[in-house]
Each structure stands twice: as C-alpha cells, then as structure tokens.
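First, one chain by itself in structure tokens, the form predicted on its own.
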C-alpha cells in the first residue's frame, strides 16, 4: 500500500537571511552620515553583508541553544572556575572584537563613537548576549585611565582587535576583555547597601607579593549577586573601605590572574539561569580574600565608575534599537511573502498599520541612538556633554521600555510560527527586557533624569537648543516643545511620582525633532500624529488615517 500525502507544504516564507543589514536600512545609513561617522560607511557596508549571511545569523541560534557551562574544578580537583562556551559564541566574539566594537572610539578618528554605534546596532540585529562583555570592555577604558600604571599594562590588551579566549595571565594574551560586578543580594540597584569589604595591604606587603604595580592593593571579602562575564580577564567592582575621610564605596580592579601567575580568589558559585541573554555567562561569585587594585580615590567609587555607567547605558539604547530593528525586519520580510485571505499580509490595511507603526518606532529609536552617540563624540563641548547627561538616562528608560512590546507585536505578525523556538522571534523577545534591567532599571533612569534637570540648568538649555533645530514648520510639534520646556523650567522640586512621563516626553520630543529635520515627511508627520498628538499606548497599529503606510514600509526594509 502506497503512503498517503496528507498535504502539500506551500505559502510558507523562507528565513530572513543572506541580506546586507546595512544597505537594507536607509535610516541607519542617513544617520551615520549626518552624525559624523561617514568615513566608516564602506566598512559598515562590508560588515552588513557579513552579518546578514545565513551562516552568521545561525551562530546566534547555536550560541543560545548551547548555553555556557561552569566547571568549578579540573580533573585533579584544583579550583579553576572556568566557563565553557559553544564555538559559535567564540566566533561571534571574534567578529565583534575583530571589527573594533569594543575599542574603536578610544583608538581615535573622526566620528568614532557614531561609527562604533552603527556597528553595535548592526550586531544587535544578530546576537545580543555577546554584546555584554564587549560593552563592559568598551566602557571600562575611561575608568582605567584613572589608574595610570594599570592602564599602561592593560590598555594595549584591551584595545587589541584580537579576541583571545584563553585563560591565562594578561601578559601572555593577545587581547583582554573586562567585566563588572556591582549588584549584591541585599542591595540591587542600591549599591550603597553593598557589604563587600576591602582592607588595604601595607605597601611593602603588596610589593613583596606582586612587585610594584603602582596602585594600592586591597584584600576583598564579600560577594556579588550578578557578576557579568566571569570568563573576563579582569573585573571592576565596588567595595566598602574604611578610613578617615575615605570611608564608603571604592572602585577596585580585580584581575583573574595575579601578577605572580596565581588565580585570584574569585569563586564562581553558579551561572544564572536567565530568561534571555542565554548565550552570555552571568554569575554569582564570592571573594575569599581576592586581591584588588584601587581605581580612583577611596570612598569615591561611585563617581569613579559613573563614566563607565554612561557608556554602558548608551549601549543599552543601541542594543535595544538593534534588537527592535531585527524583530521588524523578520516580521516585514514575512508579511511581504505570506498570503492570507487572498493577498499578502503586507497589503492588508490593518496589518499595514501595525507594521508601519513598528517601522516608525524602529526608525525613531535608531535616529535617537545615533544622535546620542554624537554627544559622546563631542563630549568636550559642554552643551553636548549636558545633552548626553540628559538623554542617556531618558533614552535608556524609554527606548528599552518600548522593546518588549515591540518584540511581542513583531512575533504576532508571524503568528504561531513566530512563537516557537525555530523562529528567531522567540529569542529576540526574550532579549528585549534585559536592557531595561541591566545598568539601572527604568525607575533608576527616570530619577537620574530628574537629578540632571534639577541640578543642571545647562541641561535644559541644551535640550531646548536641540529641539529648536527642528524649526517651526510643524505647529503641533512647536506646541508640544513649548509645553515641555515650560514644564521643565517651572519644576523646582523633582516630581518623582511623574518621572516616567517626563522621561517619555523628553525622548519623544527629541525623536520628533530628529525626524522632522531628517526623515521624509511621510515618516515625520506620522510620528508626530501618533506619538505627540496622542499617547503612544500599549499596542502598535494605532496610526491615524491618512498615514502613507506603503511609503513607510518601503523605506523600512530594502530587499
């Protein structure tokens, strides 16, 4: 008896792959040029082609399917605390570091932060977990420069474009990566509640143990509830110190290997079993008398590490924008090819509304993130530094907060096939909450924005100058801008209860201003109509009638 065919497989969509992620994105190309990173255009076009290959995109699947494994002991019983990764992880890390995503701004060049931001956005469309150690390595450089002797030894390795995953003392490696550990069980975002303690060694004792490293050596006892990328060659942490005039949190540099070649007493207890970001190793550790070198002044750990925090928060904005862009491209690629009720999904009016709304959100996030990166390029300009002080926490709050809903909507476009693990949408959806949580939750960001507004009138002036660039052609934007600036000027006492609304309004105003200046009119007018004239709401697909959805979608993904 012949077997029966139950059905013919048809009306299915091939995966979104083998496409240049850079040339497919007009908004990113335009932002790169206008924000000062145009010299990197050719290299980004090459990178976009490499990242869009089916083989590269599959590395993300493999790195998350085969998540890292902790080995506390070797076969002889020696404590090693090594993390084993799938080869796909190492290939992703080699790509990121080989293209300078961890270090290029510190190597000089015009528009270096903007060019690096564009690379980071493209990598965010592939795999977010491997971006975590790259971000921390990138952000560590300003902090390490506060310890010149350590910087002299470590920065050449950190700035190297060679990824070297070997577990060795830094002197024997071709390149190094840096992690961080701030959070403790009892404190969370309240790092001042940290209990980990640091006791100084006498200078002679330190020299006898390790030679003259040039910085003060301390013994560290305590724990970290989240210790990111334990395989890193060194970590920056906060610990309590005592001393007249120097009590409080201080910043320390903890290398994985000591100058004498021994392993530092950093005990990895376990790896976190996380919702997403599964390719990346996050851990719990104990310091059982670990050696750490003081960075900055005793009792000034938070100011010392603040600049690192501003750079990691920039990457949260970039990472969220990149992941949202990935979700959009998969959804739009599918909708153009999937037929339902007699015509492609992308031609159905309500689906057009949803997809165009997503496209507006993605383009606005990209425009904001790239503009913020230019603030970092021009940080020597007080006005740009003040604008970054304002927009970094506001952007991290709003853009990261928009991510999970965005991912869910994109998944729904694909339907049941997007909800299964065969689809990248499930992984992308799990990735999107992490940037809201990591490096300061939404409430922490909004409170930081209030501090900037209340303590720095120059920040409000910088915002007003940025918004003024959009001119007066759109009367509703002009009214929105005037109301926002008047409200910011009148607020004498920070309104914590309404801080989230304030952060949202700041970001929406900047996004609208950027789109009015630089995007096609059909994009900017739709953004103003859907974000400023009405509350964005919790769902996408709420664009008013008259929006040119077809034009927006044609711009959103060039295939």
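Numbering follows the first chain given and starts at 1. Keep in mind the model is a prediction, meaning the values are calculated, not measured.
The same protein also has a form predicted in complex with a small molecule, omitted here; what follows describes it.
A heavy atom within 4.5 Å of the small molecule in the predicted bound form is found for exactly one of 361, 448, 233, 439: 439. Shown without its partner, this chain lists 180, 365, 331, 356 as candidates; in the predicted bound form, only 180 has a non-hydrogen atom within 4.5 angstroms of the small molecule. Contact between residue 484 and the small molecule in the predicted bound form is not found at the 4.5 Å heavy atom cutoff. Contact annotation for residue 227: at least one heavy atom lies within 4.5 Å of the small molecule in the predicted bound form. For the chain shown alone, residue 187 is a contact residue for the small molecule in the predicted bound form, at least one non-hydrogen atom being within 4.5 angstroms. Among residues of the shown chain, residue 141 is not one whose heavy atoms approach the small molecule to within 4.5 Å in the predicted bound form.
Looking at the small molecule in the predicted bound form, residues 136, 282 and 444 each place a heavy atom within 4.5 Å of it.
Residues placing heavy atoms within 4.5 Å of the small molecule in the predicted bound form fall in a single listed stretch, namely 431-439, out of 405-413, 431-439, 375-383, 343-351.
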